[in-house]
Ligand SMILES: C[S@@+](CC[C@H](N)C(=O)[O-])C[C@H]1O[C@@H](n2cnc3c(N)ncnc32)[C@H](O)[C@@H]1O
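What follows is a single chain, given as structure tokens, in the form predicted alone.
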């Protein structure tokens, strides 16, 4: 997906787009027939890019600050007519019959390191770094259309093999479709197709 000339503001307390965000943005394949769901939208950069192309877009975040930020960015870019923002812990607020052809998640993906900080909710995905992602996958599968795609950001510091095996156990065909090396880790984008 392309950013184009979007107006984009990031409020204090909202996770700003970083290298992993842009890697995910470049990896997602979407067209005008897609219904798109982003979990953990932050300030809404990926959802805004999707809203310029997709039929419908829903952006979810557990943070009220992120939801407000994304909603304002949608309005500033005139994509609020075919997109909406929902505050939710993962997909728990969605209607049971809600279905999407594309679901994207840039989760907290680092393993616990024994040091507790105020930003753990942004970076730490569980003891091995994948527990939150596994919860997401379990919740996402019932909302995925037939032949739908799930895009997930993972780090080589976490247990990528565990996530890949878990996705395959949920009947997804899994491929690594993008990778970038950053300082002490590689970030990969996994694509699972139903």
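Please read all numbers here as calculations on a predicted model, not as lab measurements. Residue numbers count along the first chain shown, from 1.
Keep in mind the form predicted together with the named molecule is missing from the figure; the text below concerns it.
Exactly one listed residue, out of 156, 165, 62, 138, brings a non-hydrogen atom to within 4.5 Å of the named molecule in the model of the complex: 62.
Stretch 38 to 46 is the contacting one of 38 to 46, 51 to 59, 142 to 150, 156 to 164, since its residues have non-hydrogen atoms within 4.5 Å of the named molecule in the model of the complex. Under a 4.5 angstroms non-hydrogen atom cutoff, the named molecule in the model of the complex has residue 21 among its neighbouring residues. In the model of the complex, the named molecule stays beyond 4.5 Å of every heavy atom belonging to residue 74. The named molecule in the model of the complex comes within 4.5 Å of a heavy atom belonging to residue 89. Contact annotation for residue 132: at least one heavy atom lies within 4.5 Å of the named molecule in the model of the complex. Residues 15, 17, 21 are the members of 6 to 30 with a non-hydrogen atom no more than 4.5 angstroms from the named molecule in the model of the complex.
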